[in-house]
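First comes one chain, alone, set out as structure tokens in the form predicted on its own.
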């Protein structure tokens, strides 16, 4: 292991989502999904979470102690708009108080408007397959911007639209539990329209109301490496198809407004444009691909490379993938890169420090080569409700006892906090946090 430096202006922090961390809300699509036996592997549900709704001052104090420059947080749509067209002033005031406290501690918020969760009234109306959802989301965005836009200049409209749609509409593992590719592409058209209109609205509102600070709007894209299992031509075909249908199609439609096949025949329903100010990348792993008749997986079977290191969920740990993705997509999209999520499921905290070291080392490499990776948001600040894994998926810098809500900083969290403070990994730090510095 070697020492390395990050740029002095490099911003570091962590990321969470409202549904996973707040607890207390039962008016959303994920709470209902949790009530059906078998949907959540450990039988838990999102109504407990990490009780962040009540404990956010404690969690912000932890962020301060970990020297966070930035924090990516989400808003729970179902709290703010519990019924169609009716807004809860208490909920929006709560978020305003939380954001104000972040700013008082010199932590800059990046706020996500949609992170996998829908209000029940919207879900019952057909969710994202219903074209009326576009107008509902734009209306919600407009309300939030008018209430919080003076405090927040940086926004993510939609988190991981590909994961949201693939798991919810193609694989049936998430709400609404569908297994229909046509439904998935129909929903993608509506998500694309919603993102573009909200991108414009956020810029318009902040400009018209003369809110301070440069407005930055983007998406958090879940990007993976899809490598063919071997050099056989038949395995290269599904690898390219999966990459296109589950990744590049989303970037193209939401980034430039283009309906590529199978969304359309290359038209621009809202006009040709550039609908992002930064490229948000959520990166976790690589998949090896071989040909298989699995329509939900775009006709490929996804496997893990033999003998590769894996996390608690069996995902390959592949830091080189972050380097490959950033180089590839910067070449096309030419925008500052924010690593909006990156982390490892590691309950025993035996892998996380090395995971952080290896991925930040790739970011240092990218910056040396002129690729502008400007931010890193570790997933996650604290153990939370990890979707179908429930409370058993432990990604936090901070361990959480869900019964008592007792927070305990992990050693990897201490390591990360020191990097946040110094923007460097020294030989002394390597000796301090790693048993064998090789």
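Positions refer to the first chain, counted from 1. Bear in mind that the values here come from a model prediction, so they are computed numbers and not experimental data.
Not on display, but discussed next: the form predicted together with a small molecule.
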Next on the checklist: Please pick out the stretch from 135-143, 231-239, 115-123, 259-267 that is in contact with the small molecule in the predicted bound form, where contact means heavy atoms within 4.5 Å.
Outcome noted: 115-123
Checklist entry - Exactly one of 206, 354, 186, 222 has a non-hydrogen atom within 4.5 Å of the small molecule in the predicted bound form; which residue is it? => result 222
Item to check | 4.5 angstroms heavy atom contact with the small molecule in the predicted bound form for residue 341 | outcome: yes
Next on the checklist: Whether residue 19 contacts the small molecule in the predicted bound form should be assessed with a 4.5 Å heavy atom distance threshold; does it?
Outcome noted: no
Next on the checklist: Against the small molecule in the predicted bound form, would residue 31 count as a contact residue? Criterion: heavy atoms within 4.5 Å.
Outcome noted: no
Checklist entry - Quick one: does residue 284 come within 4.5 Å of the small molecule in the predicted bound form, counting heavy atoms only? => result yes
